[in-house]
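The form predicted on its own is given below as one chain in structure tokens.
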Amino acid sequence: MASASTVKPALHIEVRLKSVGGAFVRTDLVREEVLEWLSKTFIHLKIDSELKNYDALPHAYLIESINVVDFGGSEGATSYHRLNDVQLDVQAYELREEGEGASAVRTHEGDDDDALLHVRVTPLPSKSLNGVWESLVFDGTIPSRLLRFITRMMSLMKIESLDTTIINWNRVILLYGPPGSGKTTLAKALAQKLAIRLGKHFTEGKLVEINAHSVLSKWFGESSKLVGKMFDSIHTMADEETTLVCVLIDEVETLASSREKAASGNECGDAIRATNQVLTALDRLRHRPNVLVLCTSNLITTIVSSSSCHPKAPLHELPRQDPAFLDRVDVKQHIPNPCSAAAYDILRSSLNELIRCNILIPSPDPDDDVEKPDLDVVQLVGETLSSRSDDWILMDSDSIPTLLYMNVCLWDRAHCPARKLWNISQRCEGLSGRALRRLPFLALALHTHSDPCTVHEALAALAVAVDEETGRIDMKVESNEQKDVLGRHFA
């Protein structure tokens, strides 16, 4: 048997298939064809690259794209990987329409709207979630680390000879952090990726989104019944063992709050019974190898003790009052607000999208006589560009470059858009990812007056918008004062 040191890490390839209108497609045949083609055609592959020239494949007419998406080994400085050093993991999938198989589940009969528990079921992989994973920006490698762990555990639990009475996990993941940090988006993106990555084990997937607030009925005694019926419907979906069921419970503190706090606050036994019902339901789901529960929480101190808790403290260091729910959670991942580098990536992606749509246009160079280097030929880290002007509004392929590129190639260009955006990003401490996503468009609407406007003007407007959002500028200043502030940012 091969030792752990000789096991090759996986290089993940995703083959997206064209929609065939409900016709049956042998994805296993497509996987085998692509795997053989890759092995015979390429010596090495690059992460985040799209492969072309597969027209000779027998099922090429079904293929929309082939992408190298992820590497399962230790992260290194290079994104290139030799095929002799990796194990190719090829997955073929077809995106499903938003309404295909989607539903809202009625779990209680009655005329009152509050007697309805809405459980939205979306088929996976879904067209509505296409590209969400790629748009994620977090500190470090949180998304990829979670994806690899969950994929590994779900695959191991499919081994029939494994005695789950001895070795087991609850299949419960908790993402906690401040509002707007991207917890729900990450949970949905994980469900989408898992449906693709685990395609060899499951023929289809479902995302079950639970409206936790609708569980708490205004009628005494109804909440625990609704919770029970809700999870009964999930068990029915999971009866088909070839279907991956990802359950998303947003703001789980609504259902799993501390029972001690409920009792001390004179909240009737209904809230305690609802929490008990959730814990019982999670215990039942642990025996379903095709079910994963993803939970998010803005108020982690509602689940654990509200005293002496730092919002960024690891959960294992937090004092607990009611550990029953947390003891059922396998992974507790804190999702913080973006750091300066993450804020740069978020703002950069938004601005580049505005550039792509011609809403923003590159700023004119102040000196057209200065010879400009070809940025496409810069390959080596540490190589710098020399020039005779520090006033270039330097852009790479009419877009704002990555932070790494800026640090390597534009470190001495104080007036280029990338450097100006980095200065703005460093003032974004405390802003959520949700706020950062809306700021570029908000800045254009509030602080620019031409259409289209230049990147230079947009960055000046963005600087004012960030200062307003962080409280550095009173948002209610008079228009003349606001123009003065904007003018100073342009200067």
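Every value quoted in this text rests on a predicted model; they were computed, and no experiment measured them. Residues carry their position along the shown sequence, with the first being 1.
Unshown form predicted together with a small molecule; subsequent notes refer to it.
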**Fill in**
Only one of 151-159, 403-411, 129-137, 88-96 has residues with a heavy atom within 4.5 Å of the small molecule in the predicted bound form, and that stretch is 129-137
**Prompt:** Which residue, 183, 193, 171, 206, has a heavy atom that falls within 4.5 Å of the small molecule in the predicted bound form?
**Reply:** 183
**Prompt:** Of the options 295, 119, 360, 346, which one has a non-hydrogen atom that comes within 4.5 Å of the small molecule in the predicted bound form?
**Reply:** 346
**Request:** Look up in the predicted bound form whether residue 289 has a non-hydrogen atom within 4.5 angstroms of the small molecule, and give yes or no.
**Result:** no
**Request:** Give a yes or no for residue 323: in the predicted bound form, does one of its heavy atoms lie within 4.5 Å of a heavy atom belonging to the small molecule?
**Result:** no
**Request:** Give a yes or no for residue 433: in the predicted bound form, does one of its heavy atoms lie within 4.5 Å of a heavy atom belonging to the small molecule?
**Result:** yes
**Message:** in the predicted bound form, does residue 179 come within 4.5 Å of the small molecule, counting heavy atoms only?
**Reply:** yes
